[in-house]
Ligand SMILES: CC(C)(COP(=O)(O)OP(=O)(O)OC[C@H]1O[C@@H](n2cnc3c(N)ncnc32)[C@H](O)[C@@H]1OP(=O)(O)O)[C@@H](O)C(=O)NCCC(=O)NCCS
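The form predicted on its own is given below as one chain in structure tokens.
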Amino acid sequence: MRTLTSQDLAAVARVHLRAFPSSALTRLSGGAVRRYYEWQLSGPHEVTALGAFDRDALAGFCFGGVFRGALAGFLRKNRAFLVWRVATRPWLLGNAIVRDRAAVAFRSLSKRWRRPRRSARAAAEPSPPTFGVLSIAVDPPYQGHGVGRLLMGAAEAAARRSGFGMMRLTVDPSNVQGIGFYTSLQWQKLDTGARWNGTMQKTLIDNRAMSS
């Protein structure tokens, strides 16, 4: 296990392509995948990028931390490249997954352009620090061998060392296997009061210990 650098981006892209063959990012191209993770390493984030290796082979990775424009920033930085990819592959827009992710991307950019004003109360009461798990992937030949647990454990340890009180991630609500995996690690579904959107969280600070 070690921290990933820009030198590992090609391996990260390969694992992503094999682990998520149907994702919108994969359908755009391996180049798009690499650019996405390059932005997560180089953007204005507080990123913890971890890789689990079998000798020199990357078996899996996890990107976590505090991200500022993980999607919107990637889109802005690579808009010419992404427009070209879609223009040269118009059939992509006929794919439901790509259309859904395109809608999410548009909303992300719209929110960036329309920053709501924070109320005085919200400014006075900042939300507790949250360590977000942006992406975790395990190369298929290594799946089922504990690599995912190893990565999540390392990410949690990094979050605790940095003083985070909460971890959060988003999983596809239809991904029963993924939800079961996170639940086994004591993650809980975040109740939004409406239809669950796939957000899960794990508390790292015991409130009872803090009050004693």
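Start at 1 and count along the sequence shown; that's the residue number. Predicted model, so just to flag it, every value in this text is computed and none were measured.
This protein has a second form, the form predicted in complex with this ligand, left out of what is shown; the following refers to that one.
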Would all three of 136, 149 and 180 be in contact with this ligand in the predicted bound form, where contact means some heavy atom lies within 4.5 Å?
yes
I need the one stretch from 63-71, 39-47, 24-32, 172-180 whose residues put non-hydrogen atoms within 4.5 angstroms of this ligand in the predicted bound form.
172-180
Exactly one residue in 11, 204, 200, 19 has a non-hydrogen atom within 4.5 Å of this ligand in the predicted bound form; which is it?
19
So, in the predicted bound form, is residue 160 in contact with this ligand at a 4.5 angstroms heavy atom limit?
no
Can you tell me whether residue 153 touches this ligand? I mean in the predicted bound form, with a 4.5 angstroms heavy atom cut-off.
no
Along 38-58, which positions have a non-hydrogen atom within 4.5 Å of this ligand in the predicted bound form?
none
